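Taking the form predicted alone, here's one chain by itself in C-alpha cells.
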C-alpha cells in the first residue's frame, strides 16, 4: 500500500487521477480505518488529506453562508456557536455519528462519501440545500449534496475527483431546521429511520420547506410532496396529517433485521411530524 500526504488539492488530484487499483482518502478516517482493520478493503493507495491548508476550517462565505473544511470533526462542528445557532439540524445530525471518541475524528464529508442510506449527517445537509465543491482532473464544480450518493456504499465521484469543501447557504430570517432519528438503542447505533425538516416562515405561515428522509430508500430521499404539504400552512393538524401521508408514500424501505417495511413507514411519519414542529418552533425563535 502506498501512503501519500499531499499539501494541496491539486497535488491530491494528480495522485488520485494517476493511481491504479483501489484508492481511499483520509479526512477523519473513521470509515477507512475500520475497513482496513476488518480486511474488507485493502487500498493500493491511501491519500491523507488532513495536511492540506483550510481543511480544518469553518469560515463565513461572502454571501453570509458557511464553508466547512473536509477534515472538520463532529466535535469542532458542535463547538462552533454561530453555526449551531444558524443550522442546528445540520449540526445535530452530525453529532449523532458514533461515540465521543469517533466524534473527535468523524467528518461531514466522510459521512457523505461513505454512501450509507442511513447516514445521520446527510438529511440535514440536504434540507439546508448544501453543496460540495468537487475538484478533479477537469477542474472544479459545485454539486448539490443530494446528488453525491449513488446508492449503498457508493457515490458519484469519478477517479481523481475529491470533495474539497461543503458550503451551507445563508440561513435567512425566520427559518429553522431539525433532524431526528430512531434507533433501537439509546446511542451509538445506525438509524432505522431519519428525518430532516427545514422551514422558513412569514409570520406564522410556512413559505418554504424541505424534507429529507434517511434509511428508507437506497440513498437519502428528498420528499418534495412532503415539503409541499407544509408550504402555505401554519403547521396545523391538517398540514401535519398531509406531511405524514406524503412521507409514508415517499418512503421505499426494506425489511431487514433492524426493522420491517411497515415499521419504518410508521416511524417515518412520527418523526416527520416531530421534526417539523421543532423546525417550526426554531423558526419562530422558540427553541
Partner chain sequence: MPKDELKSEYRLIGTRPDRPDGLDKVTGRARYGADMSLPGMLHAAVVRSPHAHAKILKIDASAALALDGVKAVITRADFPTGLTGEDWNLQENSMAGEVALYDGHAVAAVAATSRLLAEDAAKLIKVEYEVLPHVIDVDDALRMDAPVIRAGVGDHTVPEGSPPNVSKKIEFGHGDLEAGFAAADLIREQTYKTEATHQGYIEPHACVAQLGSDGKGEMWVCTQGQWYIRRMCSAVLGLEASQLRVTPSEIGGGFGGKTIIFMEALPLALSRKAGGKPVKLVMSRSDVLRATGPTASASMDVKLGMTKDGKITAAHVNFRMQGGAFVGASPVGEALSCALACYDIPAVMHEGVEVLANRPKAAAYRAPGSPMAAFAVESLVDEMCHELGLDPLDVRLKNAVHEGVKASYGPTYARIGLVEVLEATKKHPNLLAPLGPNQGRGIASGFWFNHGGETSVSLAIGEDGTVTVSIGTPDIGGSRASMSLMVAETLGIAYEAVRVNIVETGALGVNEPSHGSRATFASGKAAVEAARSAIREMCRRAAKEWGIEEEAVEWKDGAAMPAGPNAGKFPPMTIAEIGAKMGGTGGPISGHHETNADGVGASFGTHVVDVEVDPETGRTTILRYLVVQDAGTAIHPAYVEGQYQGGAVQGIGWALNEEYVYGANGRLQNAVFLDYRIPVASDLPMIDTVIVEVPNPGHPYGVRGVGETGITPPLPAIANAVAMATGARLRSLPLSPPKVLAAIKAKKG
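Since this is a predicted model, take the numbers as computed values, not measurements. Residue numbers count along the first chain shown, from 1.
There is also a form predicted in complex with its partner chain; it is not shown, and the following applies to it.
Although the partner is absent here, residue 184 sits close enough that one of its heavy atoms falls within 4.5 Å of its partner chain in the model of the complex.
A residue is said to contact a partner when one of its heavy atoms sits within 4.5 Å of a partner heavy atom; residue 44 fails this definition for its partner chain in the model of the complex, lying far away.
Though the partner is left out of this view, residue 85 does not reach within 4.5 Å of its partner chain in the model of the complex, counting heavy atoms only. In the model of the complex, no heavy atom of residue 147 sits within 4.5 Å of its partner chain. Heavy atoms within 4.5 Å of its partner chain in the model of the complex are found in exactly one of 202-210, 138-146, 89-97, 176-184, that being 176-184. For the options 113, 192, 77, 130, the one in contact with its partner chain in the model of the complex, meaning a heavy atom within 4.5 Å, is 192.
For the stretch 235-257, the set of residues having any non-hydrogen atom within 4.5 angstroms of its partner chain in the model of the complex comprises only 257.
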